[in-house]
Ligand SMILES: Nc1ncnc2c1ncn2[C@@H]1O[C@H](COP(=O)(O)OP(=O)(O)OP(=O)(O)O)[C@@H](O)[C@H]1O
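Okay, here we've got a single chain as structure tokens, the form predicted on its own, with questions on binding and movement later.
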Amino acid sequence: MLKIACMSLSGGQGKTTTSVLLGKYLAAAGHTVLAIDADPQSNLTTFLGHDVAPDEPTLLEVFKGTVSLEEGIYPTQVDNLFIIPSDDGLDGVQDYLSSSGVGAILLKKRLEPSQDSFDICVIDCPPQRSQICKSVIGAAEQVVIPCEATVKGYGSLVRTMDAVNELQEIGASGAKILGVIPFRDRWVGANQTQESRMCIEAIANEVGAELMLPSIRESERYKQAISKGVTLSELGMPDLEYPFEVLLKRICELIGQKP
């Protein structure tokens, strides 16, 4: 199972949008996908149509080991796509991870029983440099970084890469950067705005052209697709799927399969 974290250490950078659509496109391509909602805001859980029932195990219980991993996994409305959900109670795991002594590698350890059950795991990370964030980095093999095509987005990118590098340097993570996706790339008609162009150039200079992925343009169609539970093609906007087509190709190359 290839474990991919969608990370960005500021809010509104497109990480949940990327997680939802990436999970769906991977599942549609025939891969068995486990999505993990590691953000206490629980947007991934909501967008994949899962309602957490009272006393239902979530990622919190999986982290603490009070239930088996299997008990915390649920099917979604999408074929081949499963989820470990979260709710706002997940914030309560921060002290547990901090005091465990193995917080940075705990999620990796908890996921070991599913190694042969899924092809790919997509983890939606919280937008803070928290204990949960560190555990996600420790579990991930690849990291996708969405970041707004703004000055704020550039800052988020730098903080995210610093967080990954920090755990790499102490040997707590072997994660590599799979790609960076500029988010809310603004165009007016056929012309890209100056701010978007300059920020995307700065992002490319920071990470190198080889890590740049096609940008997600500013469009309400992404929200519509997620809220309606459909693909962008089904909304009549197949061109907007291009960033995910390129990302899917990179992932398939990593696991040795054709997209």
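Computed from a predicted structure; not experimentally measured. Note that residue numbering follows the sequence shown and begins at 1.
Not on display, but discussed next: the form predicted in complex with the named molecule.
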Checklist entry - Tell me, which of I216, I200, L48, L34 has a heavy atom within 4.5 angstroms of the named molecule in the predicted bound form? => result I216
Checklist entry - Any chance all of G23, F82 and Q142 sit within 4.5 Å of the named molecule in the predicted bound form, going by non-hydrogen atoms? => result no
Item to check | Distance check, G11 to the named molecule in the predicted bound form, heavy atom within 4.5 Å | outcome: yes
Checklist entry - Could you tell me if F63 has a non-hydrogen atom within 4.5 Å of the named molecule in the predicted bound form? => result no
Next on the checklist: Please tell me whether any heavy atom belonging to R184 falls inside 4.5 Å of a heavy atom of the named molecule, as the geometry stands in the predicted bound form.
Outcome noted: yes
Next on the checklist: in the predicted bound form, does K223 come within 4.5 Å of the named molecule, counting heavy atoms only?
Outcome noted: yes
Checklist entry - Taking the partner as it appears in the predicted bound form, which of 88-96, 105-113, 176-184, 72-80 has residues with heavy atoms within 4.5 Å of the named molecule? => result 176-184
